[in-house]
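Listed next as structure tokens is one chain, alone, in the form predicted alone.
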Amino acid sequence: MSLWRSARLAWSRRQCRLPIQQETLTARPPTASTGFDELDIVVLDLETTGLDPRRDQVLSAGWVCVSSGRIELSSAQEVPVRPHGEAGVGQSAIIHGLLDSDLADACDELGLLQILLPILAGRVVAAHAAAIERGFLRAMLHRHGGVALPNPFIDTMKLERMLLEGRGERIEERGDALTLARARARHQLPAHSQHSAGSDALACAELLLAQVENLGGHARVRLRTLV
């Protein structure tokens, strides 16, 4: 790890007031030159009440780990999250099917952080349209005294765009060419159950492996190619 990254991690530990995150900030993230087969990756998906991390809430988190270029199915987990306040799930139930009654006994967002942060420690985080996951994680951490995650993020939507543009294909900005379902179909991956955090995380992990193969294969791809 470079001197600059070490200093930044030390600064984050000093600023952090969330005990569970302070413990995880001792784990060093991989460097840009780390090969794909050496990476420990958490593929994450969040179901939320909307797209604005300042206003909307996380209702469910799903993840699965990828290590040594393989999906570890035994690591797959989905955690429902009880929304705070009186707004509840609102109209978002139409998309993900989660109802307030489904989440009545779920953990709150601090409970989710206590489960998730040790799993993310020192790992790369991958997601489709990763800005959403990154934004909601940052907002949750901020509300509970934490700091922004130092983890590298892989965005499979950006990788798909890179692959398409590399082949000279034109992308319709307002179309659905870059959705998880369309990207999977392009790589001959089967249809999956959408808008379930656990299912979407696994679907994203499969897409990532397919994209890495298209970028040259596990043995040749480095982290710097993916972030």
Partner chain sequence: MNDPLTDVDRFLAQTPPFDSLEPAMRRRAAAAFEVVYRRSGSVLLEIGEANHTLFLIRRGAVEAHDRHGTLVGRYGEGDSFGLQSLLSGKPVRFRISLIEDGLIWRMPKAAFDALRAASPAFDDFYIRSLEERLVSALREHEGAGGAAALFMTPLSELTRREPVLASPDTPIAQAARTMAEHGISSLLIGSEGSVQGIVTDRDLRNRVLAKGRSPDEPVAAVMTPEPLTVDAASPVLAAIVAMAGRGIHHLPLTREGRVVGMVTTRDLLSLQTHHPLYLAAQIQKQDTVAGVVDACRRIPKLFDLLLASGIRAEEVPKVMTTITDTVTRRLIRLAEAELGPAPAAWAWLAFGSQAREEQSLKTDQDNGIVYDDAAPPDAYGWFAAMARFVCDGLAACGYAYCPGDIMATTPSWRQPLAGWQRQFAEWSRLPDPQAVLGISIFFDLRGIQGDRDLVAGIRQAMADCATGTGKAVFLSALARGATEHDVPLGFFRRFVLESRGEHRETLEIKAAGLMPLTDLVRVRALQSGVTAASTLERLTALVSRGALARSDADRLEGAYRLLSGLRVRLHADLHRRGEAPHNHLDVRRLSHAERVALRDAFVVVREAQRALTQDFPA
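As the structure is a computational prediction, the values presented were derived from the model and not from experiment. Positions refer to the first chain, counted from 1.
Below, we turn to the form predicted in complex with the partner chain, even though it does not appear here.
Taking the partner from the other structure, the partner chain in the model of the complex has a heavy atom within 4.5 Å of a heavy atom of L189. Contact check for L73: a non-hydrogen atom falls within 4.5 Å of the partner chain in the model of the complex. In the model of the complex, no heavy atom of L18 sits within 4.5 Å of the partner chain. The partner chain in the model of the complex comes within 4.5 Å of a heavy atom belonging to N214. Of the residues T31, T179, S193, T26, just one reaches the partner chain in the model of the complex with a heavy atom at 4.5 Å or closer; this is S193. Contact with the partner chain, judged by heavy atoms within 4.5 Å in the model of the complex, is confined among 132 to 140, 111 to 119, 74 to 82, 151 to 159 to 74 to 82. Although the partner chain is not shown here, in the model of the complex the stretch 206 to 227 places heavy atoms of E206, L209, A210, E213, N214, H218 within 4.5 Å of it, in sequence order.
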